[in-house]
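Just the one chain here, laid out as structure tokens, in the form predicted alone.
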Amino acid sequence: MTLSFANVGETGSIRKILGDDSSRKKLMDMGFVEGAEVRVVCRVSGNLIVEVKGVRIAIDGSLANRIIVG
């Protein structure tokens, strides 16, 4: 499932990053790499605040749709 469908408080491991090279690089630079644990902290108007590698990051729904978690 994509990160945008994860419930608040749910933790998952990143399985794959989808998208073109620039989108994938942007996410990887923020810490969204395969194998990393990610937790949804809260959801605000379709956007997410997530915690990855001990850092909280706000991402929009379109970026969350590119992150496959399991």
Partner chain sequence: MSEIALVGNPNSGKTTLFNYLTGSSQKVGNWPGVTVDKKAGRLKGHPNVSVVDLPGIYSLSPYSPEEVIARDYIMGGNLDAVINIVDATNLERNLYLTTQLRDMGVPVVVALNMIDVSRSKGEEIDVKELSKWLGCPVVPISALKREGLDDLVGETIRAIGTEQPVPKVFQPKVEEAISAVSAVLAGSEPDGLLRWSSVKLIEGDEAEREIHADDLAEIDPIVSSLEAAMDEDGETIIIDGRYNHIAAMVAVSVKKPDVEVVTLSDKIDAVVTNRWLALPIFFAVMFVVYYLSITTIGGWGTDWVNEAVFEEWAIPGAEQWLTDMGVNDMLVSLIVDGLITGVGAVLGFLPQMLVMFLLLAILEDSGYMARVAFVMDRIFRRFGLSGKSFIPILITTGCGVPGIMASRTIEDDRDRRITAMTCSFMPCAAKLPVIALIAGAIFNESPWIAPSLYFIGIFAILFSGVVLKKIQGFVGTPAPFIMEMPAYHMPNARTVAISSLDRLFHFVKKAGTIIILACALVWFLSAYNWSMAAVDVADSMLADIGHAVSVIFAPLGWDNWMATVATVTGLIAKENVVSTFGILFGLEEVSEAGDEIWANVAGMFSSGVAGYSFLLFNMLCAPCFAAIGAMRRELGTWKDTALAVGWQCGLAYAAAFVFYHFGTLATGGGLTIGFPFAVAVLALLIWLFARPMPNPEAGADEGVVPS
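Just so you know, these numbers come straight off a predicted model, no measurement behind them. Residue numbers count along the first chain shown, from 1.
Below, we refer to the form predicted in complex with its partner chain, which is not included among the displayed structures.
Using 4.5 Å between non-hydrogen atoms, is L27 touching its partner chain in the predicted complex? Flag for L27 set to yes.
4.5 Å heavy atom contact, L63 to its partner chain in the predicted complex: It does: once its partner chain is placed as it appears in the predicted complex, L63 has a heavy atom within 4.5 Å of it.
Since only the chain is shown here, I'm wondering whether V55 would be in contact with its partner chain in the predicted complex (any heavy atom pair within 4.5 Å). V55 belongs to the contact set for its partner chain.
Taking its partner chain as it sits in the predicted complex, is T11 in contact with it (heavy atom to heavy atom, 4.5 Å or less)? Flag for T11 set to no.
Can you name the residues of 12-50 that have a non-hydrogen atom within 4.5 angstroms of its partner chain in the predicted complex? Sequence-ordered list: D21, S22, S23, R24, K25, K26, L27, M28, D29, M30, G31, V33, E34, R39, V41, C42, V44, S45, N47, L48, I49.
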